[in-house]
Every structure is written in C-alpha cells, then in structure tokens.
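In the form predicted alone, a lone chain appears below as structure tokens.
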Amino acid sequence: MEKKIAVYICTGCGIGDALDIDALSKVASKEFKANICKTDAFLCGKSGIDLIKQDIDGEGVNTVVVAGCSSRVNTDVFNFGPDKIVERVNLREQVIWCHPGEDEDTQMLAEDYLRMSLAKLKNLNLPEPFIGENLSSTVLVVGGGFTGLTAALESARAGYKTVLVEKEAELGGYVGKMYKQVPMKPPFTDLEENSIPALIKAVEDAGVKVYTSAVIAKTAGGPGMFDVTINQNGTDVEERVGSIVLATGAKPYEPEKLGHLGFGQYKNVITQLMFEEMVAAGKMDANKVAFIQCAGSRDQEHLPYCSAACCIESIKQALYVKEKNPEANVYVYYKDIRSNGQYEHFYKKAQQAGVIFIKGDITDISESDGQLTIEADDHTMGTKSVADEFDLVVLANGMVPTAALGETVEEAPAEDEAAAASDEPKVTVAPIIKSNLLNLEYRQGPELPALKYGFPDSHYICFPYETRRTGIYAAGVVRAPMDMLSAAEDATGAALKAIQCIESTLKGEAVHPRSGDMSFPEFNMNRCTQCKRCTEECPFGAINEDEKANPLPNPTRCRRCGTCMGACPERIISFKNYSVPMIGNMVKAIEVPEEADEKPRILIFACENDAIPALDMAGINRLQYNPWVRIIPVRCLGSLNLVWINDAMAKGFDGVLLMGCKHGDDYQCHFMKGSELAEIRLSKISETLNRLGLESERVRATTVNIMDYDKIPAMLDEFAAELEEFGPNPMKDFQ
C-alpha cells in the first residue's frame, strides 16, 4: 500500500524538557518528508489518541509513528486496527531516562532513533496472514491416563471436538491401577477414592471420541492441519486435528536394575506398583512394612533426577497399611521427603498416624525365614541402624518418561555441500528418540526433541507445555516428573495452549512467544541454492525439504523468529514486517560522526525477548549508560544476518555488540538456539574482519536476561573502553 506517514512526538514524561522537539520534528518533516508531524504533551491520553484518530479518519493516515515510550507499554492504546502500520520510537526508557537531558549526545541519540524508525518503514508492509485450507479445531490427546483424560475433558468442556488415543485396551493408565489416590483437595490429609472411573464417565459424557488399543501411526502437516493416522487393532483411521496434547505418561524404572536393594533376590521386595496392585486385590496382609525412597532416583547410576511423586505415593501407601491395621509398624527410609505444596499436610498426617520416617542410606537388605532385615546409615542419629522382621519392603522406583523409551535417531552423514562445510562449527541439536508416540513426518525426525533425560523440551520459566514442534504440547509426567495435583494442572494448561494454538491458526497468527504476529516467512525460490541451512537451523521443524533439497515451508508451524532469514546466505527469506533490507536501512540511517568529532558509535543488535526488556529496565531505574550506543531490536539473534554487521563496519561503526538470551542447559532463549547460532555465525565474520584489517574483537556477542539490567551500564562501558584502545574504525571517514 502507499504509505501516508504521520509522526507524533510525545513531550510528556520529561521528553519535552530533555530534548529539542523542534529539531526532532525537522528530522521527520524535512529529512524524511513525513506527511504529518505533530507533538502532544500526553500522547497516550485521550487527547493524544483523538489527535491521531482524527488524522487517520480525516487525512487518510495509514502509517503512524509514535515517538515516546517503549513499544513494550501502551500496546493496546496505540493499536489503530490491523490495516494501520504503527511504529514506535523509544525516546523515554532508552533515551531520556538513561541519558542526561539537554545534552548534545542525548539529542543525537533521539534523532538517530527517529531516523531508524522512519528508514525501517521503507521496507515494512502490513502482514497478510497465512490461512491454511480445511483448518481443524479438533484437539487430539495422545494418552488415556489421568493426565490425558483430564486434558481431553477440559478441551471438550471448552467446546472443542476432542479425540483421545490410548494404546491399552482400557483407559486409566497407571493411576487406574491404584487402590486409592493422594488427596486432590483441601485439607490435603485424607486418602481419596480413585478418580479414574468418574473421569472416564465424564469424558464419555462430554462426547470425546475415544480410540483404545490404538497408536499413532503417522502425523503429518502442522497446526490446524495435522493429518493423523491412527492404527486401531490393525486398522488405519484418519483424523484431521488442529493441535495435539502429548500425555503418554511414564513407566516405572526397571526394578530388575535394583538388585542391590533386594529386588529379584527376595520375593517380599516389591515395587510401588506391585504394592498398589496387591492392596487393590485385597491381598496385602503385612503388619511390618518398609518403604525405601529414591530407589534408583537421584542416583547417577540409575535415574539422576528426582521423580517428584514417589514420596507422596509412599506416604499414601504407608497410610494404606495404617488404615488396615493402625498398630502395624511402618517405616519410610528417605534422603529428603519432598512433599511439595499442600502435601506437607499429608506428610504430617502420616507422622500423626505413627509412620516412622528415617533419613538415611540403605546399606544392606537381607532375608531370613521369609522376613527382611534392613541396615542403614541413619543421618539424623549419626549411627548405623538395623531393623528386622519386615514382611514387605516397597521400593519407590521412580519413573521414566515414555518419550525416552526408544533408540536415538542417528544424524544423517554429511554429503556434498554439507560435507564440505563439515569443519564449520554447528549448533548443538537436541536428540530425537524413536519412542513411537507421534511418528511425525518431519524432516527433523519422528518425535519431539528431548532434553538429556529424555523428557520433551519445555521451558519451565517461559513456556511450560510448549515443545519445539509448534502445536504439540506435552503434559504430565511425560513432560516432567510431577505428582497428581500438578499433573491435573498441567493437563488443563496444555489443553488451553492447544486451544489457543487452534484459535491463533484460524486467524493466521503466530503462537507464543510472538503471539498475534500475522507475518510468515516468504521464500524467493528463484535464488535458492538448496544449501539446507534454513531447514537445518529452524528450531521448530517448520521447514521440510523435497528430494532436491528445496525448502518446503509449513507456515502454521512457524514461530516467526526469523532464524531461517538469518541462516540464508542468499537472503531469499523475508517477512512482510521483518527483513534483511529493513534492518539494513536502519543501520544506514544512523549518522556516524567523522573521526575528528571523537564521537564513536557502537551498534547493538538486541533480542526483543530479554535484552530489550533489560535495556528498558535500565532506563526505568534511571541507570545511565554510554551515549555512543545505537540499539536495533531484533526478533531473535538467530535472525541475525551477517550482512548487517558488514554494513555497520563499512559505515564506520567502531564496534558491534550482539545482546541475546542465555543458552546452554538452563537456556533462556525464547527461540531455543538464537544466541548460540549468532555466536557461531560470528566466528565466520571474524575472518572477514581480519582480512579487512579490522580487529575481530570489534564485534562481540554477549548474553543477558532481564534481571541483568543493572549490569548493562558496566557492560557497555567496558566494551566502549576496549574499542577506544583499538582506535577509530578506519572505514569511518570513507563515508
């Protein structure tokens, strides 16, 4: 569309006192020929919004530039409809709140930010949403245990057609075999009847379509258009669904590996599940029982992690014994009792019932005449303890997610161009385990990427339930070890995320973290060299490829991070509102003073997810930082295209800093690998800088999270000091 641009400069919040507003207006009206340029002392107030709306209605303005506060605030206030472009210039948090007012450098900074935004508009267009064909609003739940049934019920009750697939002949899973269950409601002290029968009836009453004795043979497509082949008793059935909840649960850790605790040696050493079945069948008549916690869990030789539910389940089973015979002797040997949240009340109830808890490590279990003796190092008393005449020893043998059961997919050997590039550093890739749960027809592998213990990836801080495959949400113990109460909340959360995905896809919008973004990557295939970098680096498996290695994008799987755009050496990938030329124009719009002016310039590409909020926080806290910096927000450092750095250095910038999210095991990157990818790409540009006679240290990557805001001034000052030692960029005066 032909843009009619109006620039509105807010003078409130101290902006008018700190900056020369007339000079700013000249940048808009004289340099960039904006059609309209106005100021207002309270732009986010009614009078300011009315001013803008009057120009939209009366003057035909369709592109609004708001120079005032951060784009992270007042997003609803400055929303003028989907047919209007709105660009925000941050004069408050990143200019006057972190730099002195009425200062030459601060004024230059403000004018540069306005130039950057106006230059950005040249290649910025309104997104046109991708709407797939024959979109489905059906939620598929894989797994018919407690979590799967809960997710299916919540989805159906929300009004969405729901399909449930369970591989066993009956619904219920592990919980279905329980005699009773842990408390799920206040006061969290009493055993409750097994909820599975009522849950199954509620699912049936809600109209959920259930397949039992069924597995997922194939999953193709993407959100809104998943074509799922369900094999039920040898017969294939096709279902088109909009999103998927994976709730396949976990399996008990193999007790055969716990011979050191007597399993397999003594028939009276059993597992939690065996005890549960024994009680449910009315065959438990023991009067002295020991429960041994962390049998395999928190053990580097077995399961390094805590299985989270074992302590509560053992407390429950100890109360089974006390319920049948209050005089029975019940011992619980533990490392730490982990009765999370309200379950502390349940723990206290067991103590009051006479259950004896011993903090210690088991050193030996032996048997004589059918009764068991336990020796342990008692950590509380600091002595060795011996207890005998146990009728039963029950091992809390932990859990292994079903997603971890299978062989790891081996990476395909490099060939042709990929082989030639084999010496290049590559981003670490999460393993894919062939667990036969979803059987995805994705170029990146048949199942969800896994963390090191085989749990499907899910960021516990930023996006629980989200996986690296858009539209597929893991819930319950397949996602992480958890107790029943947590699993119920997890199931509900995953169902809501699945519904959110369906609704977003119907409107052509992205899901988290760029919720509502209606752009999607467009490929100029005429220049594609089939290098595969976009398909290999996409963190979400959004791009398949054909037999000739041509990329086959799946727009509904895309999270709009722009990693493919940054990866493409031919720069053939762009978004309507985010592209290589657009950022390039912003770089070129910044005024770089001549060397004699002694005003260095540092360009910062800052990730919008953590770095930009941290920079805003620095401003909110009035932390002063270096006025030489110019900040360009990017969707993710994974979208960084090296040509931007080339442009910056050629223009005379003295240094470039990339500020992204932390990566590694405890990563903060909203797009999984963005910072890591950027650092790998930097290793390539270092060689180019060295050939040009520029120090490679002039370009650096760093990671921050939002709480590092107080470190930002020192971080920037330190980088600026190092650049001063290098001296000015020799390219500066060639402009």
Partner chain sequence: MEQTTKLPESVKYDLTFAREIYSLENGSYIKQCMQCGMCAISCATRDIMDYSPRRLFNLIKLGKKDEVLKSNTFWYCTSCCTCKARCPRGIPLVDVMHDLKRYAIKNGYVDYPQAAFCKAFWAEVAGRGKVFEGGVTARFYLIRGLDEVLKAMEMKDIGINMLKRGRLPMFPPKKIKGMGNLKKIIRKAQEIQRKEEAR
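Positions refer to the first chain, counted from 1. All figures in this text were calculated on a predicted structure; none of them were measured in a lab.
Form predicted together with the partner chain: not shown, discussed below.
Taking the partner from the other structure, the partner chain in the predicted bound form has a heavy atom within 4.5 Å of a heavy atom of Val386. Among residues of the shown chain, Met518 is not one whose heavy atoms approach the partner chain to within 4.5 Å in the predicted bound form. Heavy atoms of Gln352 reach within 4.5 Å of the partner chain in the predicted bound form, making it an interface residue. Not displayed here, the partner chain is approached by Thr380 to within 4.5 Å at the level of heavy atoms in the predicted bound form. Of the residues given (Tyr347, Phe455, Phe188, Phe463), Tyr347 alone sits with a heavy atom within 4.5 Å of the partner chain in the predicted bound form. This chain lacks the partner; the member of Tyr333, Tyr253, Phe78, Phe540 within 4.5 angstroms of the partner chain in the predicted bound form by a non-hydrogen atom is Tyr333. The candidate stretches are 434 to 442, 469 to 477, 339 to 347, 364 to 372, and the one lying within 4.5 Å of the partner chain in the predicted bound form by heavy atoms is 339 to 347.
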